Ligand code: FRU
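First, one chain by itself in structure tokens, the form predicted on its own.
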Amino acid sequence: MDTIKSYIPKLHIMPPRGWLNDPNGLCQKDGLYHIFFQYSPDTPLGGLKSWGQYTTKDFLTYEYTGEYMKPDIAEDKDGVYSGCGYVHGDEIYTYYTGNVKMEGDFDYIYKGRGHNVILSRTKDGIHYDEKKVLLTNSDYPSNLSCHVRDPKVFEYDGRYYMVLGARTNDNIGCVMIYSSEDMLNWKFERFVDSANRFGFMWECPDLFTLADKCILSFSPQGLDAEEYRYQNLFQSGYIVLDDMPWDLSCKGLFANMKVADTTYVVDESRFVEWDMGFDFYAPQSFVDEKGRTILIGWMGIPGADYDHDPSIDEGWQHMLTLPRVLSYDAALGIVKQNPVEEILELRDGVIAGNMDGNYEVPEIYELVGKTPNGFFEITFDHSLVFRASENDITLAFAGDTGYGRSIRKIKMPCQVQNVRIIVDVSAVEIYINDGQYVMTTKHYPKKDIAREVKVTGDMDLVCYKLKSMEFRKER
């Protein structure tokens, strides 16, 4: 009988202690993946933010290398906020937002806050050189509030570009695009916003290509919840800019597009959420040395009313998702997500095949199955129910077992054809129809009770036992 003694995951990155949130600085250099993250080591409830880091060569064995970067200059005294990593020559350029809160009676939205773009460089991912302040609030367009953050840098055709998330003084979310010849001096190019007000703030912007399609990813705050959309407090998603010629000329990123002055307007009705579960926010992508575009998200939601996970009693809170490989499906016009293939190496034999009924399972396992008619139900540990019927999917917690989480729904244009579900000690990631949809949630089964999965319906389902990943140092 396999029971849970601790909620510490065996497949997901968590903070060695304290609080973890946004993935930052994702990159690969000389075969080594660098996974930085926002980190408050002193308390699981969050606090002054630094960057922590794990490194890995294979997404199977990870090493915690410590706090990479702490607030230590006037321009980041109140937190090393989110940013990116860009490999240039033999260095990683880490761009981030330095947070400053001035003393006084301020609202810290329109007055009293400094959000500075700062650069530090490192050759080994452990030691960084002197921080350089590149942009401050006075460098941003005058119609913006003090909320400008989360730089993501990329290169195209010998020129460098940066996207920044922002909130205007009129409480409209947008993205700004800057360009540079040398990665140090940055010129404002234009805004990207929506035809209609689409949230009051766009966080964690990203701009990348898949199969010659340009993908704009961002996390809007302030959308009204609907039955099948925008069910979390804040969202993360993308818009496929399939009509973009991808002309990154000196005239501006969107030189040949329909623009109004310096603004490129996107169609917010084409916004697709990255993940339809309870716990997903602030994703960041990068391209590895194999040419794969990989996405990692934060398994958490800022300000959610279920921010009281039982892991807090163990001195830690939150995780990162498994790394996901992105691919563009031209027939569906969407981006699909699937775990990196290295995770297949964790399979350690079959627990059960053609599952129907109740099964005792270990702390970590994987379910892979197909269904001919899309009708089935899978219950995890008497508490979490994943159900499919016709074109509807629900993921629901029974009673108070979700610690504030209740139900999430998907309305699909077609029935469920297949699923892949990876279950960790305190996390579940569900991939539907080869990654067409994903649902991620934290899950805290009762301790000292045998873990169980119950399967009903027309489903050809196989359960694999998984080996643990290896996390070295302070885990």
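The numbering used is simple: start at 1 and walk along the sequence shown. Because the structure is predicted, anything quoted here is derived from the model rather than measured.
Absent from the display: the form predicted together with this ligand. The rest refers to it.
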| property | result |
| --- | --- |
| This ligand contact at Trp298 in the predicted bound form, heavy atom, 4.5 Å | yes |
| Contact label in the predicted bound form: Lys49 to this ligand, heavy atom within 4.5 Å | yes |
| 4.5 Å heavy atom contact, Thr94 to this ligand in the predicted bound form | no |
| Proximity of Asp150 to this ligand in the predicted bound form, heavy atoms at 4.5 Å | yes |
| Stretch in contact in the predicted bound form with this ligand, which is absent here, among 274-282, 136-144, 287-295, 369-377 (heavy atoms within 4.5 Å) | 274-282 |
| Complete contact of Leu320, Ser426 and Thr441 with this ligand in the predicted bound form (any heavy atom, 4.5 Å) | no |
| In the predicted bound form, the residue from Met162, Cys204, Val117, Cys84 that sits within 4.5 Å of this ligand by heavy atoms | Cys204 |
| Option touching this ligand, based on a heavy atom within 4.5 Å in the predicted bound form, out of Gln436, Thr56, Gln38, Gln28 | Gln38 |
